[in-house]
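Given as structure tokens, the chain that follows is alone and in the form predicted on its own.
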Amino acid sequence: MKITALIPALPLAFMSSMAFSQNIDVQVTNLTHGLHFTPLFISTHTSASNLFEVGQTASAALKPMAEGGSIADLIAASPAGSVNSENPVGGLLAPAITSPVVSLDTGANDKLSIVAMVLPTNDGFVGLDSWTIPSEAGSYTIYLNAYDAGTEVNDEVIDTVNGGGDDGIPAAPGGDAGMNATGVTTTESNTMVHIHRGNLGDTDLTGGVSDVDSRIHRWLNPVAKVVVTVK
């Protein structure tokens, strides 16, 4: 006996969105000793876009985040259909602190990206680039590196002129940096997004070559832990 299906075929677009749709929780922990993260930008998106790509030139939207912590351009450049969380901490994420749980309905998006500037650095940022969201429910842990955007010289000089809009480190949130440094370097050979070489720093808080305190602000990767819970 032939049985005829009574359920009509679903449109392919709808079936595709169902296949990718996930409810996820995201938490970010700052693993460093003395570095702060600026407002986090957490984005779920498709493989057609990304926030950054190692070995490529930083985008116009990534540059202000990496140099000054502003995520406004990343928000504006976010593609249609992306599902984002903007500044879920409500400010800086301090050392050894875990962010609140960020809950996202990813919709048709199957990639997760996260960025935030690392302070005090010139153009360093913590980043997760287009991590594939698992389809299977469970808890997943990812460790993140600090990257150099390649857009600014790493002179390690605190420069608050124009609110930190000039070249230089805009601030040391812990209030534990030096001043009057002459600068570590005036040139950079790698202008692409790459693994950050870390702060050099020194221990002279009233001069020297760096305003960064090497006893507090140096680091080794990874600098952050991300826990993603797929429901």
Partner chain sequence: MKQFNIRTLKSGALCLMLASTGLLTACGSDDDKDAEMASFEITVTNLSANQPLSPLAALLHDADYKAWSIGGMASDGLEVLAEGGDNSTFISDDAAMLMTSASGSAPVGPGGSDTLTVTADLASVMQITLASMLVNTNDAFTGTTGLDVSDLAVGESMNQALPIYDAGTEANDEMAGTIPGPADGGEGFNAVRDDVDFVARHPGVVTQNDGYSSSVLDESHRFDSPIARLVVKRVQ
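Positions refer to the first chain, counted from 1. Note that the coordinates shown come from a computational prediction; the quantities given were computed from them, not determined experimentally.
Below, we refer to the form predicted together with the partner chain, which is not included among the displayed structures.
- Contact annotation: of the candidates 171, 184, 61, 31, the single residue with a non-hydrogen atom within 4.5 angstroms of the partner chain in the predicted complex is 31.
- Think of it this way: in the predicted complex, the partner chain has a heavy atom of just one of 88, 95, 150, 107 within 4.5 Å, and the residue is 95.
- Picking from 22-30, 189-197, 65-73, 45-53 the stretch near the partner chain in the predicted complex, with a 4.5 Å limit on heavy atoms, gives 22-30.
- Residue 180 falls outside the set of residues with a heavy atom inside 4.5 Å of the partner chain in the predicted complex.
- Contact check for residue 203: a heavy atom falls within 4.5 Å of the partner chain in the predicted complex.
- Although the partner is absent here, residue 222 sits close enough that one of its heavy atoms falls within 4.5 Å of the partner chain in the predicted complex.
- In the predicted complex, the partner chain sits beyond 4.5 Å of every heavy atom of residue 140.
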